[in-house]
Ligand SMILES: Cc1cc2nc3c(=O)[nH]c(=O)nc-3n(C[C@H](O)[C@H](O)[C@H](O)COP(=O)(O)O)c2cc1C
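Below, in structure tokens: the form predicted on its own, a single chain.
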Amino acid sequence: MDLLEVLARRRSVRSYLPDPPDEGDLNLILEAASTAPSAGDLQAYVCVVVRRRESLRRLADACYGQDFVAEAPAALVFLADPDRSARRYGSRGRNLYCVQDATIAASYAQLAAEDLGYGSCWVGAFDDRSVRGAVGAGRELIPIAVIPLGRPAEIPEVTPRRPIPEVFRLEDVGTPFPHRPVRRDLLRPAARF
């Protein structure tokens, strides 16, 4: 699939079919995540693949009762590793780079999942300690995102986006970017089914 199509089709899916992700597809998703840029190529994060029902239920509870997390056949939990980044970059690595590393890897995983026909949703509302407990992580790791993953049972509508000139600037914060739309179809992707 063309990257712009993948970007246009990706939605926050909160309803999944029960079929588990194909092992080959899951490996491709993880390989895609591992290609994400990272500060100093350190990949200062850990990703836990969660498939057991009881672990998914614990994650849903940790995500303040967002039950669709437990209804997905799998979830990816991305945790930043501050110590790994701090060894090279000090406090900036500890406080920023590791979070960026985990975030971009999670984004790559979502895009790869979309390309392979899976739905996902970025979940960032959770209790850190409970997420750590659900995946057996120590306090040294910082939960960044829980990404439920599975074949979508629904395709959500396109959500509104802020206009490009409102978000993007040219040269300084006070000058809106003079946007001229090129790909209107990015707002109205073709149906998957």
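Don't overthink the numbering: it's just position in the shown sequence, from 1. This structure is a prediction, so every number in the text was calculated from the model and none was measured.
What follows is about the form predicted in complex with this ligand, which we do not show.
Colleague: Let me know the one among 79, 76, 123, 116 whose heavy atoms come within 4.5 Å of this ligand in the model of the complex, would you?
Modeller: Partner contact (heavy atom, 4.5 Å) among the options: 123.
Colleague: Using a 4.5 Å heavy atom cut-off, which stretch among 128 to 136, 159 to 167, 25 to 33, 48 to 56 contacts this ligand in the model of the complex?
Modeller: This holds for exactly one stretch, 159 to 167.
Colleague: Give a yes or no for residue 43: in the model of the complex, does one of its heavy atoms lie within 4.5 Å of a heavy atom belonging to this ligand?
Modeller: Looking in the model of the complex, residue contacts with this ligand do not include residue 43, since no heavy atom lies within 4.5 Å.
Colleague: Hey, in the model of the complex, does residue 12 get a heavy atom within 4.5 angstroms of this ligand?
Modeller: Yes.
Colleague: Determine whether any heavy atom of residue 66 comes within 4.5 Å of a heavy atom of this ligand in the model of the complex, and answer yes or no.
Modeller: Residue-level check for residue 66: yes, a contact with this ligand.
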